[in-house]
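Subsequent text provides structure tokens for two forms of one protein chain, presented individually as structure 1 and structure 2.
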Structure 1
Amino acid sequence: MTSPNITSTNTVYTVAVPVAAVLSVLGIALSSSGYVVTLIGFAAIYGVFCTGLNFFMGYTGQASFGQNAFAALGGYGSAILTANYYWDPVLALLVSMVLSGVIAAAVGYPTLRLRGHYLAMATFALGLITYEISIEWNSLTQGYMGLSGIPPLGIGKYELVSEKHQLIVLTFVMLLGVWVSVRLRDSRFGRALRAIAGSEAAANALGINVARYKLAAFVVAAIYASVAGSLFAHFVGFISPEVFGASMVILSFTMLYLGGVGTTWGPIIGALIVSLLPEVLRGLKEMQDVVYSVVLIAILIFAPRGLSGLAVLFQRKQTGESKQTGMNP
């Protein structure tokens, strides 16, 4: 039977401390300049994107290099519907989510039959195809010129004109995304995904429909990516193909592995560090890139499970001490 003290400790480390840290960062950003607000806003958007990527890669154990395709669908979907057809931003975001989910299901059905490097290559090709379409379809996307005049988030006549107000909403959406991810992970659906990550053959032997569950996880990750793309479009007010190119894939993988793949708060931690670290090191001038690379490599060497993994180890140590304390008379 689980000790109440151990349960309380787990709740503190897995919920209270991370949420308090996120709200502290939000408070610092709201009391700072607009540039800091923009940086934290980008970190929150990437936090949403990486949470979805973590659901597919961390919980399901699959590789996907093409989630930027669904971010592009969400971003361009919201931009076109709001700027050209004057839709409500929230409605445009929801419609883009549904569209991305349907396309992910259609594309993922044949693609997810591949495994390992073949799956990674197929998903990477998906991202490249979407990127090229966003460049060449000038009549719809305006190509390299991009789409401007995208309204900020809002409902009806109420728009979040201030960046600080938008940041509050972005933080709420990010925390909501983490909560939904945790709920799915701890459900029967999530347990089936973890079984697939452990061994597809064993999961299949247990009666788990591996193909169906992998497809469902892929669709969930695509929906997260679509939301992130839509949020970016409304937060910046402008999008172009470069936003959703290969650099987005590289950044998201760096964030995910730096924070801790397969952990709850790893994507958020990684997004914050990768977004803020270059600005912290900007004073080093020509040595900035060198020091930035050294810091990232050092973290990956000394914390191979990511920074969130260090917190998990500390939590287990505290839990072990609590157990020993509970056993002592």
Structure 2
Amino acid sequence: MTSPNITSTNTVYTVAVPVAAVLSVLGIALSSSGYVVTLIGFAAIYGVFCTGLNFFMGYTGQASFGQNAFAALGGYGSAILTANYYWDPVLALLVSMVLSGVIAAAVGYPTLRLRGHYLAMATFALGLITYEISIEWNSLTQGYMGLSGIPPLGIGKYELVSEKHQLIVLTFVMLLGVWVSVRLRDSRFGRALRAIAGSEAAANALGINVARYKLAAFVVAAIYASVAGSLFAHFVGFISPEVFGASMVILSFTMLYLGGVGTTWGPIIGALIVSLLPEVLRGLKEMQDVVYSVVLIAILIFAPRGLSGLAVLFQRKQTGESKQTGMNP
């Protein structure tokens, strides 16, 4: 499941270089125009979302095609609490986070007993149910119209009015998210999850309560998704059901698979590249979703390990390591 290079203790390559890269991207964004700031902001938000998804898919080896449900919960929770009830954004974010975690635990408890395509369809249905509810529950969500007038992030009187200030906070939230996921991954909890990814039967034999650990990983992923949804609501100031629709699933999986499933920085790299695609492919505005789908399918076929596969190739040449086989989440 995991490759040795990913879990290596060489902190220069696993911490210093990526963090420096993230900060330099932040620096470039801060010194450029508004549109790039927005794109990098989206990349940071999706980075948080994909890190959560990676926790569940990459480390635990499970699949959820319905994480957009929890992003919608977070987004709508934050939007409704701040815009309609004038709550503090941070408090709203935390409350939405807890709510998403509780709902994930309640929904995941029965759902995660399923396997294979049953699990896939059940989680996919979660996303669809949430999407339908966000359209139909007009009095709360205003349906297709969406909710607007969501204030930017801030504590008390201090609001992050400028987009660049928000971007700085988003980047640090993302880094915090990555740090938490790394700490979790290397803890006893995370090692249990990786054992489950390797073989459920073996993990069970080692005394790991498989169902409980899977559920915990699902809740963690849901909390990440919820935070991403809340951040999105505050960053854009407007949300609608479409934001958290099925194309979000494709988009986030494209990012995750492009960067590399099961790696620490892969989701972040993927989120950055895919978020910058619209800027590169300006002419393809309407074709965007088609392009994402084609890219995702191509990656799934030809490079299921994503860009991290390149790093592995590079490392293999250096160390003369023998060929690894069969790593797939």
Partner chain sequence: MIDLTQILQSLVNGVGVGLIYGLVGIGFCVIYNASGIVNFAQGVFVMLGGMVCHTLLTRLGMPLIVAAILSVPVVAGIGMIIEICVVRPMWNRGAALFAIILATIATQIMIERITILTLGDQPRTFEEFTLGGPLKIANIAISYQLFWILGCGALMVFLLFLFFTKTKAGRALRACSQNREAAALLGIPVHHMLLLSFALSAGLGAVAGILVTPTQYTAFNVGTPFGVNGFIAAIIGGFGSAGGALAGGVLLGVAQAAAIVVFGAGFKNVAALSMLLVVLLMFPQGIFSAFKGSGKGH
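We call the rigid core whatever largest set of C-alpha positions still superposes within 1.5 Å between the two forms. As the structure is a computational prediction, the values presented were derived from the model and not from experiment. Reference numbering: structure 1, starting with residue 1.
Remark: the form predicted alone is the source of structure 1; structure 2 originates elsewhere.
Once the rigid core is used as the reference frame, the Cα position of residue 42 differs between structures 1 and 2 by less than 2 Å. With the core superposed, residue 303 shows a C-alpha displacement of at least 2 Å between structures 1 and 2.
Taking the rigid core as fixed, one finds a CA shift for residue 31 smaller than 2 Å between structures 1 and 2.
Core superposition places the Cα of residue 291 8.3 Å apart between structures 1 and 2.
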